[in-house]
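In structure tokens, the next block holds one chain alone, the form predicted alone.
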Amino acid sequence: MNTVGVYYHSVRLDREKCKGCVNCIKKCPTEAIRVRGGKAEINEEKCIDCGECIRACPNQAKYVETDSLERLSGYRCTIALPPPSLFGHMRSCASPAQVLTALTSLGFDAVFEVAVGADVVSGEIRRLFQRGEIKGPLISSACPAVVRLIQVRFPELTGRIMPLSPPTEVAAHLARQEKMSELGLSAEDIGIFFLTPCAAKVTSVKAPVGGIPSNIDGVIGVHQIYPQLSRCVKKPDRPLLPIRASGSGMGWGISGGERLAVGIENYLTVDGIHNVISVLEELEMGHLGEIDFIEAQACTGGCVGGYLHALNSYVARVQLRKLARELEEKQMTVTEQFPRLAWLHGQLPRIRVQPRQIIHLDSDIKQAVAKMAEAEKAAKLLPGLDCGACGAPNCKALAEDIVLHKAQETDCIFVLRERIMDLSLHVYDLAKIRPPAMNQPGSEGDDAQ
């Protein structure tokens, strides 16, 4: 299991492939990327591993670092945690039971749906609101990219994050406890592997926030197993495994599914990282006081829009919504399946997300204020076009880089052009000047000749 305290980034840069095209700097929601010397550079303090740079890069210079199936050999029992979104992407060619069974054909000893964890978290959120133990507006803790976005850009809103572990962690806990009881194994003998649709959830396992170590031992990208999984799902070689999640839990894979599962009326649903930012700005200004619950997801459409999935997210969204409706009346409740687990009876562990400590301009507050004033002056000298040619995402960011001595005014092509024009005019004027010893135009010496 992973521990808290060490920071880690799952989004990596392949400098050999990077062409310095500046597409990534324009898409990064935290302005964590600069292009210097023709190559992108990622500021690790600001990066939230949302993966927007991966979507934007035409050269595939950004990638996600995940675990491989080879790690399964290090445990006596291995359990796969498929997210709800996976079933939406497999729906056209297989039933949920076929998908679960196919995962065991890849080498996993057992499978446990993250949607079951979603059922547990849904019930706990509902209970907390009904008893008045929490008050809105609260932000869902399910999307780790949104949680980290708040840490970096909206630190004053960290207290608004739902104080509950996300469904992935709850599912991992339930899966481990079940196998320990069933097989008599120790916790260390069991390896829990989450099948992730995005980079942010890799980071949430390797470097969890909220003060609680992760229950997950490894993270494998859906794109890594999808080709083999698609082959196995068509020809099951063993009895089909039953699906245990409810339709509500399965619906968490779609934007709006969490809100439906919880059953809150005064809610707001937003997806797409830049749309999330606009909503958080409103919340920061105190404009959403009538909202109890905000379901915010970095990927458009929810987790079905994760860029590690292989198929069209819009098609997957329709298929997952249909599957959730089919499962709505067919499944046992989670408390019926796991009646003795304390986590199901109001004792889910609480998380507490803290702002990420970032030194923006200076660690000394007086120096920081002074540098902010300098940056504002520098920004007034820039054209305000936010073209990105300087290697910074906008003129404001370039002005801050200038103050921090990480850039100079002439990095702006428009400032450079003006300087060159001024210099050329000055050189032209100098070229017309002759030393005193030389004849001047119209002098007597010229007439004599």
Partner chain sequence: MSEQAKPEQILILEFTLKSLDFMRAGEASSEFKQRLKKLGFKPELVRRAAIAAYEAEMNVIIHARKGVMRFEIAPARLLIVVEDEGPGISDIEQAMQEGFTTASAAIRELGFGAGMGLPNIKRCADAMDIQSIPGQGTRLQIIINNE
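Remember, predicted model here, so these are calculated numbers, not experimental data. Rigid core here is just the name for the largest C-alpha set that superposes within 1.5 Å across the two forms. Positions refer to the first chain, counted from 1.
This protein has a second form, the form predicted together with its partner chain, left out of what is shown; the following refers to that one.
- Taking a 4.5 Å heavy atom cutoff to its partner chain in the model of the complex, the contact residue among 156, 133, 188, 265 is 156.
- The partner is absent here, but in the model of the complex a heavy atom of 368, alone among 106, 241, 368, 260, sits within 4.5 Å of its partner chain.
- Partner contact region in the model of the complex: 279 to 287, out of 198 to 206, 279 to 287, 320 to 328, 70 to 78, criterion any non-hydrogen atom within 4.5 Å of its partner chain.
- Its partner chain in the model of the complex is not approached by residue 178, whose heavy atoms all lie more than 4.5 angstroms from it.
- In the model of the complex, its partner chain lies farther than 4.5 Å from every heavy atom of residue 97.
- A residue is said to contact a partner when one of its heavy atoms sits within 4.5 Å of a partner heavy atom; residue 350 fails this definition for its partner chain in the model of the complex, lying far away.
- Not displayed here, its partner chain is kept clear of residue 292 by more than 4.5 Å at the level of heavy atoms in the model of the complex.
- For the partner-free chain shown, 370, 372, 373, 376, 377 of 370 to 390 come within 4.5 angstroms of its partner chain in the model of the complex, judged by any non-hydrogen atom.
- In the core-superposed comparison between this form and the one not shown, the C-alpha atom of residue 380 has shifted by at least 2 angstroms.
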